[in-house]
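First comes one chain, alone, set out as structure tokens in the form predicted on its own.
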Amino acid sequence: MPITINHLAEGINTVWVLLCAALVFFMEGGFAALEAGFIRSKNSLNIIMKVFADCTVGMLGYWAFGFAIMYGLDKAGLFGTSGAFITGNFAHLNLKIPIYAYWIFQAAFAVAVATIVSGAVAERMKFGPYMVFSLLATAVIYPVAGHWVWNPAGWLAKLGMMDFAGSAAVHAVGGWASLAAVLVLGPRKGKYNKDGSLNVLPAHNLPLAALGAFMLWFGWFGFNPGSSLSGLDLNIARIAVTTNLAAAAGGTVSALYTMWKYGKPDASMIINGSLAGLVAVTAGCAYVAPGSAVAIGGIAGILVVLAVQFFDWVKADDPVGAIAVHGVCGTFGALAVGIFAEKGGLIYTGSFKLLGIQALGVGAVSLWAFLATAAIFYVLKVTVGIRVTVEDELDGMDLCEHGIAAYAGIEASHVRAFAHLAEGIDKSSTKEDLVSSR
């Protein structure tokens, strides 16, 4: 069979999407390193195993039902009803690549949504119930939101919502799901005292967290440009530039802001500031000018610092800042399209129409993610339980959940001996007080 121009184009596009899918999947390694570094050493293996659960059971959930719910045929605009196990006809998507290439690209997005939540529930959630949540997040929660935004039949897609690579459909969904999970689960032991004051439970390895952030930044060059689904689309160059500039602006502004506020640049805030810029520009990376990307990233760099402080104030204990980075900055990023988009944005047209659509869209998917996650966590809480015991939490998740420490030489007796001192647990709290907040 002679090779035609169309065959060559399809081949180039397929290779492009598969390469970008690999980059997006590589971000799971970034999540693992970032989250392990941001928490205490006694829990670092457990959080990495939760990321593995997203990549294993979560991937299977998206294969079995998630992709069908997200991209199957639908007449009501709410969820797909065909295509389980990647079977059936997906011609309505008008893809110029094989369906399998598109599936593996979207599967990497799906597991990322679940992994966002894993960081927020770190250091106190049982592994088994987390696996159940990961399955449902990839099989139902993310696919329904993605259907609304990206399936041509989705009700938000029909309204004209613009979310190029998922500030709303991926990051806001993961971020506000994290808030629901944290509220049902409760804070870590020793995080807050009876008088409401806050104890710092320091990260055990910030260099590892920084390495994870760099891996995520690298993977984002697949996340955003890959959403073009075409290696022949010359706009992928601008998408890469806007993506990179937003990350740079987010990290820069977070550094300057923390220097001004605290007298020293806060390492964890700078790391999350760059990630906040990436999250915020994900919706508009194909629609905004480079200068606008800098503005979006810079604003996100301040928002993430303020949001981390706010959620600590309301006692929503999030060890890695997932709610602030993904929930707050994902929501801002979706709204920013309505302001900065060169076609339809408020600055360019003076019209609030697109901004209104963006607000409706990000509000809808965020509310869906929050309520669905809250329901799942509540059911798990009253049935199988979602928290480890107080003793196991003090000993560390690695030992109690997996029977082995991440670092050789760490034993339960050593961890518990220094737990009250190292974790700043309020000495006036009794064991009954701790159990009652389980």
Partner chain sequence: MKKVEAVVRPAKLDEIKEALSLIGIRGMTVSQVVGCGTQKGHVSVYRGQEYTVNLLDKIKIEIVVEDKFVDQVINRICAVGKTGEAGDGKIFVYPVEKAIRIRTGESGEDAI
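Positions refer to the first chain, counted from 1. Keep in mind it's a predicted model, so treat the numbers as computed, not measured.
The form predicted together with its partner chain is left out here; the points below concern that form.
Chemist: Thinking of V170, F218 and C285 as the candidate spot, does its partner chain come within 4.5 Å of a heavy atom on all of them in the model of the complex?
Modeler: No, the whole trio is out of contact, none within 4.5 Å by any heavy atom.
Chemist: Please run the contact check for Y262 against its partner chain in the model of the complex: heavy atoms, 4.5 angstroms, yes or no?
Modeler: Heavy-atom contact with its partner chain at 4.5 Å: present for Y262.
Chemist: Can you tell me whether N235 touches its partner chain? I mean in the model of the complex, with a 4.5 angstroms heavy atom cut-off.
Modeler: Result no; N235 lies far from its partner chain in the model of the complex.
Chemist: Are any of the heavy atoms in T138 no more than 4.5 Å from a heavy atom of its partner chain in the model of the complex?
Modeler: So T138 does not count as contacting its partner chain.
Chemist: Does at least one non-hydrogen atom of F38 fall within 4.5 angstroms of its partner chain in the model of the complex?
Modeler: Contact with its partner chain, yes.
Chemist: Taking 4.5 Å between heavy atoms as the contact cutoff, choose which of G291, P202, G160, P152 touches its partner chain in the model of the complex.
Modeler: Checked against the cut-off, the match is P202.
Chemist: If you check A110, V320, V362, I116 against its partner chain in the model of the complex, which one has a heavy atom within 4.5 Å?
Modeler: When its partner chain is considered in the model of the complex, the option within 4.5 Å is V320.
Chemist: Please determine, with the chain shown alone, which of 69 to 77, 341 to 349, 326 to 334, 303 to 311 has non-hydrogen atoms within 4.5 Å of its partner chain in the model of the complex.
Modeler: Flagged stretch: 303 to 311.
Chemist: Which residues in 184 to 199 have a heavy atom within 4.5 Å of its partner chain in the model of the complex?
Modeler: The stretch 184 to 199, when checked against its partner chain in the model of the complex, contributes only L198 at the 4.5 Å heavy-atom cut-off.
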